[in-house]
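Quick heads-up: it's one chain on its own, the form predicted alone, in structure tokens.
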């Protein structure tokens, strides 16, 4: 392709609302690599920018609104490969940045739950489509069948390479299979989406430990490249006396036992130490194993817990109690078995660095609580084990090139949590796919995909202003008795079609860019008068960022200094009021999408 800023396809240059096309199949489309367009997408679509996989969120929600569930599923799968899984267990970084969740606008759109709706309601006859490249004749070994390994293997297969996964456990999925309880993630959903990856020709070898059953050197000799994606499987230790007593579990090992169908002893009184999703999974699993009282003990307060409000609600609904501002001093036992925990109370002190509050123990504040079992779920770290060999490492993490995923050994790459440290599922998948692109460039000798911004002119949004006032749709869940009657019962039942349609209306469709043609504008201020927010501004100047994208507007209230009237797409809620009242038809609407483009001739 030509080395220009914009690639044009069936482009019609026109302004105003009354556009004429040669035929219905011809649209005004531009593929852009201009930094200004990337900057606009980043600012205008904060949910997509916050998603590590850059999922086209407005695009798939719009498809749900149109009841095109199959297309909504595919838009998800293009970016994150496991929509049905992530629609249940994603940590939802996108929702934290949803414009609908800004203080004056209400609660975020249920982006994650709508992802699940796309998977739930697609036709059983839906056929998955892949933009497959021609076979390259290259073979790549992937060590680990967790989210990062699956993401890498999928992308490598799409790019035409033969991917072979080596997995130490008997089943694929990594932490998805062994770390997350099936009341949150049914195994049939997980296996279905893994099978959709394997059907591309990915070969899966389970029960094979690299470093024990097969050496890393042999893989490097037998394959054109090797990707390490072993994740974070080594639990962090508490470092307190009594941690090795019987019935003291690490969160990771406890969930492995539960997910293998075992019944670890918990007793009636369970103490969980930790504040993340694994800690919550352990606490909720203990309830299903018959515990009468489960307490989650955290060093800070609930507002600093790295879990979302929905998870906090479900934990409390299951009669699990949070104990804030406590730190473990020692675990107490008799005859080798745990009997209680001695805690210190803590206080929060200000820190100039994130997270800006540190939990500091209070001297002479010790107290003891009884416990039949203790589950320590305070995170985990990479454990490359015997495969690390001569690979350069940064602590427990495999060291990779700053701008990519290659290691100190030629042909060896590392991705996911084993390289980045503990993250989340969507980040691991995204990094797996990115690593595969690095491997592809290593094997082929050139880049075959680039990121572009696709711009398509549209007549207007048909989104009704009344949609802005629809309240967030609550998730359908099982009642308490149904949850604990069988520990595999899925708690969240998903939206029905009507609820999914209602929730999809709430999306502002931030991918729509409203723009004023300053050459036609007569500065009548009609658009400013009807705007429900301060999103249309009189500007004197606009700064430029170092990367070539637009920076902040310099506003003015003096008409003599106005250079232009501009729509601030960071504030715009896409109500269309300005578009309707403009007497000069000088406001245009463009759908913007960040996509991957095949540049192979």
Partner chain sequence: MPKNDHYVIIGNGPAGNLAADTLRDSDPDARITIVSNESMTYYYRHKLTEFIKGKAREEDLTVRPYSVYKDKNIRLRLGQQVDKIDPNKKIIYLKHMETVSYTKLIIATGASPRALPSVSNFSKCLNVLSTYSDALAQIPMINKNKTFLVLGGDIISFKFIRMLKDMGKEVTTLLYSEAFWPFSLEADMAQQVKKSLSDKGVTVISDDHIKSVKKSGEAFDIVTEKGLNQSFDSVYSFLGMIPNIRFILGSGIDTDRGILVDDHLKTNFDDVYAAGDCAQIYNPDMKSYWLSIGWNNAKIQGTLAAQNLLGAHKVINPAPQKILEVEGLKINTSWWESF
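Note that this is a predicted model, so its numbers are computed, not measured. Positions refer to the first chain, counted from 1.
If you look for the form predicted in complex with the partner chain, you will not find it shown, but the lines that follow are about it.
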TODO: Decide whether residue 481 counts as a contact residue for the partner chain in the predicted complex under a heavy atom distance cut-off of 4.5 Å.
DONE: yes
| message | Would you classify residue 317 as touching the partner chain in the predicted complex, given a 4.5 Å non-hydrogen atom cut-off? | response | yes
Q) Does residue 357 make contact with the partner chain in the predicted complex, using a 4.5 Å heavy atom cut-off? A) yes
Within 4.5 Å, heavy atoms only: does residue 348 come near the partner chain in the predicted complex? yes
Of 136, 269, 324, 236, the only residue with a heavy atom within 4.5 Å of the partner chain in the predicted complex is 324
Only hit among 339, 393, 301, 502 for heavy atom within 4.5 Å of the partner chain in the predicted complex is 301
Which of 361-369, 184-192, 259-267, 87-95 lies within 4.5 Å of the partner chain in the predicted complex, heavy atoms considered? The stretch 361-369
In sequence order, the residues of 401-420 that place a heavy atom within 4.5 Å of the partner chain in the predicted complex are none
